[in-house]
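Here you get one chain, nothing else, as structure tokens; it is the form predicted alone.
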Amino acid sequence: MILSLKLAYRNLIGAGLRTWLSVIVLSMSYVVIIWMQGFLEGWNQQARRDTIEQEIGGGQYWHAHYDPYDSLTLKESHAPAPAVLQSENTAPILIAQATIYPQGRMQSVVLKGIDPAQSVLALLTSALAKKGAYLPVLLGERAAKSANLRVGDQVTVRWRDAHGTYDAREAQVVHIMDTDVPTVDAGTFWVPLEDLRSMLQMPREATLLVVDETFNDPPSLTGWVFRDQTFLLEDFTSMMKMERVSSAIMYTILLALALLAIFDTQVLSIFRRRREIGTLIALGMTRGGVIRLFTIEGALHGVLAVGVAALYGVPLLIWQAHVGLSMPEVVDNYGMAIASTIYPAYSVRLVVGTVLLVMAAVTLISYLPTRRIARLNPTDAIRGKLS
């Protein structure tokens, strides 16, 4: 085996430029696959972390009639918050539809009432503690841009209370927050919970209750349904699976091009070295030994590619993980949690798994052309014939 390795390495290096071209293309496959997978993993980690911290916490209790995809359910989806959940570990939220009139225009929004003193969600709700003649409003950058509002601007808000009566009030923007989670931003006006309860004439009521991540063994409550993190992140998880399939198609094409180059190199090598193959068999090397020799030669392309990829890939990936990848402004309209800058996340499992996968593919593609050697007649091979 050692002799085969030495001979294979010598033959590979002796091939010169043909070898290094294949190695460089294969090294690009290593780097691109690791970079793409690291990018997706970084996005996945950032989006999940931001969504958990700013929207879902450790899970949510929904009113039995609440459906976040059907605004018509908001009229019935509210009830007094259960006494067992009235603690600092929960953040009740009351949701209602409303209409605002910025600069003489009419625009539909969702009012979300939340306790300014809550600490379950990583939102700057303390800004809502401001007292004054106007209703304090906390906005995200998307909502502020859509309504053309800035800090200190005033806008008329009209809503319909629990008895169906329309009412209106002047609101003032007290803070505009920068968030990557569109569901806590776009079309959403955050207001003090008690103010919204008074406006809607729904004392002590809530639409959902967010619990923190220390909340264990959620009890079953009549009229309320507990949704855990897995359920609340299901849409994002499905989307990430689709993104991984799309990226897999791209790096499969790149890897296929590299493997095709190695396959062609192996076929050409066997054709050009037929006299050498015949001589080795005539001198006593078994056909299995010759097949092993050529397979090792092909597999060494993958080994050399790892070294070449490390030379330029490691600095490049480290730099990319440090500076991140800036996303265009258009991603704000995608309706999913995407940070303005995504930082790739690389793991030992990702790197080792990629190397092993590519090495296995290279070894297999190197073995396939060598099967022809098993049908080789040594005498014909020495005379330059390859049947």
Partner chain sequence: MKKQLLIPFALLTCGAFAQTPSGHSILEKVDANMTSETSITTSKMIIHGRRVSRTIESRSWSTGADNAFTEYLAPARERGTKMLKLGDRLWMYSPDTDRTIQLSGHMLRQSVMGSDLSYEDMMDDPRLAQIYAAEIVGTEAVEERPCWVLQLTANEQDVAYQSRKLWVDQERYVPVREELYAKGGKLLKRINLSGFKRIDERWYPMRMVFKDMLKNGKGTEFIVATIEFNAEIPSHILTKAALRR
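Since the structure is predicted, the reported quantities are computational estimates derived from the model, not experimental observations. Residue numbers count along the first chain shown, from 1.
Another form exists, predicted in complex with the partner chain; not displayed. Remarks below refer to it.
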{"property": "Contact residue in the predicted bound form, from R227, R160, R204, R287 (heavy atom within 4.5 Å of the partner chain)", "result": "R160"}
{"property": "Contacting member of E194, E141, E213, D167, with respect to the partner chain in the predicted bound form [4.5 Å, heavy atom]", "result": "D167"}
{"property": "Distance check, K130 to the partner chain in the predicted bound form, heavy atom within 4.5 Å", "result": "no"}
{"property": "Distance check, V181 to the partner chain in the predicted bound form, heavy atom within 4.5 Å", "result": "no"}
{"property": "Proximity of Q86 to the partner chain in the predicted bound form, heavy atoms at 4.5 Å", "result": "no"}
{"property": "4.5 angstroms heavy atom contact with the partner chain in the predicted bound form for S126", "result": "no"}
{"property": "Segment assignment from 104-112, 77-85, 117-125, 132-140: heavy atom within 4.5 Å of the partner chain in the predicted bound form", "result": "104-112"}
{"property": "Contact at L72, T156 and M199 by the partner chain in the predicted bound form, all three, heavy atom at most 4.5 Å", "result": "yes"}
